[in-house]
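Presented as structure tokens, the chain that follows is alone, the form predicted alone.
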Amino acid sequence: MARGKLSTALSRALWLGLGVLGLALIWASLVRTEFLPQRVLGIGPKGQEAFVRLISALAHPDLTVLPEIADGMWESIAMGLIGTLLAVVASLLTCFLAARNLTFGTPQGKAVYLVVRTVYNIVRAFPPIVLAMLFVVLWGVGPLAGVMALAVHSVGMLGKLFAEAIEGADPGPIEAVRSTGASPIQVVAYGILPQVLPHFVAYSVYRWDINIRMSIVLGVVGAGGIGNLLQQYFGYLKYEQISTTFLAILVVVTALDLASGWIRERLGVVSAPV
């Protein structure tokens, strides 16, 4: 009985300590990020004036820059498309090596699985904007750096999703094909691909949607696309042009989101991968 009371007291003390530590961490984070009432509400006159002008400009977009914005938006869409295609090809070539149900039969297979999964984790750990900064150094300012940044980062995500789709495949058809004496390639072609191909397509379309959004941000570091144009407008405080760019981004992103959802629904993959 005494031991039980002591254990309960220690448990309560532990949870109390964790609670205090959590509150201290939250407070320290609020201070570090300057998310304090006097800072949030203390917007100066210049900031207020600029914000009001920007909001007002949303109702008066400058349509004369539409050709320039359309060219920048097309560059972002193209960056997302090529980056996604490169990632899809690389993921298709490696995802079968990262699936437990295909590689865990031998020690060599386990080693290959760990290597491929580790590579996926490494490239996924670096945000696209960090990769874009690195590739701008290699290839200079322009969309090529953005394409490579999106492709490398997407391999880590698509490869992981593809491999998990393979691991979730129904083992029945796979074993049925194996029982006929089929080769590993035939097992993949006839036992696995028919089950996972809709997921592969849906994930790829969704990733393209994400990459187009990411390409907008990559322009900040000189990786091309509509983001680069938006940065220039902000630099010269061209609020009407900024407004037009915002509206163009909203229209394109909304259309792509609806198209992506429609394709996933038709393929039977309604939920979007995270």
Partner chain sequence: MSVLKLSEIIHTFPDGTTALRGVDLSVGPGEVVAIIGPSGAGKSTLLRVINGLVIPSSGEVEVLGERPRGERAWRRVRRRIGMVFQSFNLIPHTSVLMNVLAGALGRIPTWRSLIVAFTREEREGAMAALERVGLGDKAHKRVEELSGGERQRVALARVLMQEPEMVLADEPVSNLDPVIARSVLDHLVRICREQGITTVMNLHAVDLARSYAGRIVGLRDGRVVFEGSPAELGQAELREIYGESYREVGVGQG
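Positions refer to the first chain, counted from 1. Note that the coordinates shown come from a computational prediction; the quantities given were computed from them, not determined experimentally.
As for the form predicted in complex with its partner chain, it is not shown, yet the points below apply to it.
- Between the options 115, 89, 141, 176, the residue in contact with its partner chain in the model of the complex by a heavy atom within 4.5 angstroms is 176.
- Proximity to its partner chain in the model of the complex, defined as a heavy atom within 4.5 Å, singles out one entry of 97, 189, 201, 134, which is 189.
- Considering its partner chain in the model of the complex, the lone stretch of 77 to 85, 156 to 164, 180 to 188, 101 to 109 in range is 180 to 188 [heavy atom distance within 4.5 Å].
- Residue contact check for residue 195: one or more of its heavy atoms lie within 4.5 Å of its partner chain in the model of the complex.
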